[in-house]
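Only one chain is included here, represented as structure tokens and corresponding to the form predicted on its own.
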């Protein structure tokens, strides 16, 4: 059986190290908050991430098979159309995903 003081010291040291490791990135980024390159990256990254995710999603799509390409094309068109019409990323992503899952399930069944 360990001494309660030993356990308390171990917990305090562990908590201190965890807190320091979580605070370190914020402390390192503080001087860069007014940086122009970081502002450009923050402005462009969401679009870049969406393009990477779309390419990753479409990588296994077989272009010669309607069962493979049909749900993807329709869901992508609905997602883009809803986003251009309503401007809501949440609505367009959830609607496109739900439509894709529904169509893929119906075609697979």
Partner chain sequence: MTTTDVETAVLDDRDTRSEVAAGWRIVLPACAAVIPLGLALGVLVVKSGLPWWLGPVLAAVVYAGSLEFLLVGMLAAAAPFAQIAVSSLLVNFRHVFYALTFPLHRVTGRGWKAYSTFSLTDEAYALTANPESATWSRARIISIQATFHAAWVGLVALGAGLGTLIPSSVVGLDFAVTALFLVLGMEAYKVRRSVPIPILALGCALVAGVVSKENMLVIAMGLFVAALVGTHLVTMRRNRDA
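Residue numbers count along the first chain shown, from 1. Take the two forms, find the largest set of C-alpha atoms that superpose within 1.5 Å, and that set is the rigid core. Every value quoted in this text rests on a predicted model; they were computed, and no experiment measured them.
The same protein has a further form, the form predicted in complex with its partner chain, not shown here; the description that follows concerns it.
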Self-check item: Exercise: residue 68 in contact with its partner chain in the predicted bound form, heavy atom 4.5 Å
Solution: no
Quiz item: So which bits of 73-109 sit within 4.5 Å of its partner chain in the predicted bound form, heavy atoms only?
Solution: 75, 76, 79, 80, 83, 84, 89, 90, 92, 93, 94, 96, 97, 100, 101, 104, 105, 108
Quiz item: Relative to the superposed rigid core, does the CA atom of residue 46 travel 2 Å or more between the shown form and the other one?
Solution: yes
Quiz item: For residue 14, is the CA shift between the shown form and the other one at least 2 Å following rigid-core superposition?
Solution: yes
Quiz item: With both forms fit on the core, is the shift of the CA atom of residue 23 between the shown form and the other one 2 Å or larger?
Solution: yes
